[in-house]
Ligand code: NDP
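First, one chain by itself in structure tokens, the form predicted on its own.
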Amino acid sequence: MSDTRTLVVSHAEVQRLLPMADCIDLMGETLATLTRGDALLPLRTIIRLPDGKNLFAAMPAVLGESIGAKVITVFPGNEGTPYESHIGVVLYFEPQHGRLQAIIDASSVTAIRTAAVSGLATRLMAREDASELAILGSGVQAMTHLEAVLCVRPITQVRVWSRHQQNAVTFAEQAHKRFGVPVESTPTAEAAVRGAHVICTTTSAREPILLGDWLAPGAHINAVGASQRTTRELDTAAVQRARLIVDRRESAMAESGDFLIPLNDGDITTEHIRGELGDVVLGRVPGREHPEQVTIFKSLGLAVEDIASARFIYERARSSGDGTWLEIGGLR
């Protein structure tokens, strides 16, 4: 392919080029690289749109020699419409001349890499014998999280809850058809969570939908949905009783309501964060200290995850012939 052209990769092509199992391993390498210090990762820039409900966000990063950014809109009200809540592109540049190499659908990258990081956390932090999974939420992230957890643990039973019961019913039917594992919709979040070994919270909730009193000894939680300092999915009791690992300490201290709300209330201290997931990958801190311990991985989503995914997709697309090549510009 000519070095003067830019690759455009569609939603469906991303799904083919970035398999979940491969992405889980890729995210392990990526977060280890970040924790070792071989990345530049400013906090994301978020602009709240005039309607007060929706967001526009830019997430740049440099990972090793890879340069890029994700640019997206976040419209939580898209639930029930043909559109996903996160829409945009990942831009991938080469390091020698700064040329734009790829424009990649961000919705599919976000869905896969976010779940892959939770899959990595589950591999490193959940009990080895974990077999019951609870999913709170029934959207795109719920489905990819089910796929990710199935990659790393012998799940034999899945329970799903949604604020809209019919959405949970539909999800259960589709998930069972796709993965072959029994999936039950439950009328309450508590019914889904009680007795679960792994719990994934993938909602757009602003107030807690998971209470610490519901958690079984040894449960592992992937807290994914809340990504602003004023919103949370977990109540204070859940955070207090758990060993907390984050994707990145600086991001959690600036953006995670799940952590910042109990911190600001004086119910925990900054020491409650035991490490980054990259620390666990590198063996610097344990993900779990004993079988009865409750663990939480707090995911905010990092631009380095998008850039690593973009590099992976770009190289595979060049080999497979996927994507469309366009003359974007950059030559004199």
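From a predicted model like this one, the values you see are computed outputs, not experimental measurements. One-based numbering along the sequence shown.
One more form of this protein, predicted in complex with the ligand, exists but is not displayed; see below.
When the ligand is considered in the model of the complex, K177 lies well away from it, no heavy atom lying within 4.5 Å.
Residue contact with the ligand in the model of the complex: G301 places a heavy atom within 4.5 Å of it. Within 4.5 Å of some heavy atom of the ligand in the model of the complex lies at least one heavy atom of V224.
Using a 4.5 Å cutoff between non-hydrogen atoms, A189 does not count as a contact of the ligand in the model of the complex.
Out of the listed residues Q240, T73, S131, N167, N167 is the one that sits within 4.5 Å of the ligand in the model of the complex by at least one heavy atom. The contact residue chosen from I209, V152, A172, A252 relative to the ligand in the model of the complex is I209, the criterion being a non-hydrogen atom within 4.5 angstroms.
Look at 97-105, 177-185, 121-129, 197-205: in the model of the complex, residues with non-hydrogen atoms within 4.5 angstroms of the ligand sit in 197-205. Contacts of stretch 159-182 with the ligand in the model of the complex, defined by any heavy atom lying within 4.5 Å, are made by W161, S162, R163, H164, N167, listed in sequence order.
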